[in-house]
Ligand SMILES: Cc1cc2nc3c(=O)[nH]c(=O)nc-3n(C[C@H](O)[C@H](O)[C@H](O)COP(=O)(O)O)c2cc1C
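Starting off, we have a lone chain in the form predicted alone, written out as structure tokens.
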């Protein structure tokens, strides 16, 4: 069983590739929380995976709520792994998740990271199609190697993309994410056609449609940027930051 959280499709893609290689079902964490499905029966010998993006060298805040609610029906200790998807460096995100698992009485056997196309378009332009294809080819190779490690039950910190001084990187950057995530700058331009996709996609139900226009009803959100990147009309912006930065969605999802 593989649990994943994904805003623009990178982690969903990674989870699907892992499931294809290793077998087992995938569970979208956003859907699970929305539907209240947080109890799962594990088969003997079944592996448990978590796949998620790196935000500010940390993990999406939605994982705190999910792990708090998560319950496994099992009589054994299962091999459990984490795969982080990142645009370059993961910092100490794996350590953060490991600690969160321990706080909720679970044990993490091993954790990894894989570089995928960067999609934080608040700061950067979306990658070109050529760059996306190159990055995904390399990611496939990394994911296949991770599958081999999982099959032999590799243990420990196997994250190859932590970067220099990962603990300091996370200690400095992650609190900015946790305190930030403000929705005040999100807006919908006149290009909006009121399709409601942003409302349906939002993992924390921070968007509601009123008179066929999205409004942000929460002060903070997960900041996955799926509302911006996956809007079919490119109508959603984050202030002036995203106007000329293009959009990204994993082309294989």
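Since the structure is predicted, the reported quantities are computational estimates derived from the model, not experimental observations. Residue numbers count along the first chain shown, from 1.
Only in words, not in the display: the form predicted in complex with the ligand, which the text now covers.
Looking at 53, 203, 49, 214, which has any heavy atom no more than 4.5 Å from the ligand in the predicted bound form?
Going through each option in turn, the one that passes is 53.
Just one of 221, 225, 29, 207 has a heavy atom within 4.5 Å of the ligand in the predicted bound form. Which one?
None of the other options qualify; the answer is 225.
**Prompt:** Heavy atoms within 4.5 Å of the ligand in the predicted bound form: does residue 97 have any?
**Reply:** Residue-level check for residue 97: no, no contact with the ligand.
With a cut-off of 4.5 Å between heavy atoms, is residue 120 one of the residues that contacts the ligand in the predicted bound form? Yes, residue 120 is a contact residue.
Subject >> Heavy atom of residue 57 within 4.5 Å of the ligand in the predicted bound form >> reply: Result yes; residue 57 sits at the interface with the ligand in the predicted bound form.
> For residue 166, is any heavy atom within 4.5 Å of the ligand in the predicted bound form, or not?
Replying inline: No, residue 166 sits far enough from the ligand in the predicted bound form that none of its heavy atoms falls within 4.5 Å.
*Choose from 137-145, 150-158, 110-118, 69-77 the stretch whose residues reach within 4.5 Å of the ligand in the predicted bound form, heavy atoms counted.*
Residues of 110-118 come within 4.5 Å of the partner.
Interface residues of 85-109 toward the ligand, as seen in the predicted bound form [heavy atoms, 4.5 Å]
If the 4.5 Å heavy-atom criterion is applied to the ligand in the predicted bound form, 85-109 yields 85, 86, 87, 88, 89.
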